Ligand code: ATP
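So this first bit is one chain, no partners, the form predicted alone, shown in structure tokens.
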Amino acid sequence: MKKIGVLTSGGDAPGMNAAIRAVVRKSIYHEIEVYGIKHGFQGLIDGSIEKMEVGSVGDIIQRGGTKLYSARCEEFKTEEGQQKGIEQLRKHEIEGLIVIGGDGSFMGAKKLTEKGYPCIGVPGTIDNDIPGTDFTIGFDTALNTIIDAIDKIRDTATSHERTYVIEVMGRNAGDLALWSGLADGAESVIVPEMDDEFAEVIERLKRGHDRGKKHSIIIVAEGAGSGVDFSKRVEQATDLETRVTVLGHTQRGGSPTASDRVLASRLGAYAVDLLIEGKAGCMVGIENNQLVNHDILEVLNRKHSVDMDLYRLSKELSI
């Protein structure tokens, strides 16, 4: 393999730049030319492709977002769009492609592999919703951003003796809500993977109030419903003064943590190794701190689930 391409697709995640850097420098180390494709699969269709050098990825490992930009591309879901992308790969003589993104991005990678262009997927999403890996690039950074916000909100919740409902991101996965709730001692955590136990939430609030507790924190994953609506339900059921904070896209930005930088570097470099070995149509991941790879189709057919041990522990510690 003489030339490979790299792109980022879907939602941005802190650590994507570290993964790009690893792909570029690992490739050059093995005397392989590497081409950056801007704006994801849309850029592939449009031919927004440029050769990258060692200096192209200098001073980006600490930056959030993605140097190659990102975009969602409906056209690439069509046969015609995929063929346009293949024509650009042929034009630049690119023999393999590394796709950094989530499950939607991996579907595009799988389609290209089926058409003769080997692709490797690198899981980059703050949601941590990709089966086959313990952690995705960006999850740890987003988690720490949430924890920092909750710490600040708890200060004002204590001062005003209020109940706060905090809505966090995660799409249809509850990992960000669960991990941040456990790390910050939230009284309740609402995740989409579990049934809404509203009566239990209210009982826990009342029990805390009866023993003299003046404030409470409830974390709601966006996939489980609106934090605003949940806040209204709580206020109506308890008469406790309630406020809501929707953290929004602040969770996707910021300088990646050391954990995300190291994870991204390992996964990006491993993806290059797999292409060199002749692998195709698979996703890299980390399980029990060991690098692994799985067939993309197998990953896409599996359902994400939260760690039930953590979920039970969060309940046990919030009595």
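Numbering starts at 1 and follows the sequence shown. These numbers were taken from a predicted model, which means no experiment stands behind them.
Unshown form predicted in complex with this ligand; subsequent notes refer to it.
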Original post:
Taking 4.5 angstroms as the cut-off for heavy atoms, does residue 175 touch this ligand in the model of the complex?
Top reply: no
inquiry  = Please tell me whether any heavy atom belonging to residue 107 falls inside 4.5 Å of a heavy atom of this ligand, as the geometry stands in the model of the complex.
reply    = yes
* in the model of the complex, residue 187 touching this ligand (heavy atom, 4.5 Å) -> no
*With a 4.5 Å heavy atom cut-off, would you call residue 166 a contact of this ligand in the model of the complex?*
no
This ligand in the model of the complex has a heavy atom of only one listed residue within 4.5 Å, and of 215, 92, 233, 171 that residue is 171
Interface check vs this ligand in the model of the complex: of 85, 96, 102, 132, the one with a heavy atom inside 4.5 Å is 102
With the partner left out here, if you bring back this ligand in the model of the complex, are 208, 243 and 318 all within 4.5 Å of it by some heavy atom?
no
Partner contact check in the model of the complex: of 233-241, 74-82, 141-149, 177-185, the stretch with a heavy atom within 4.5 Å of this ligand is 74-82
Checked 1-23 against this ligand in the model of the complex; residues with a heavy atom within 4.5 Å, sequence order, are 9, 10, 11
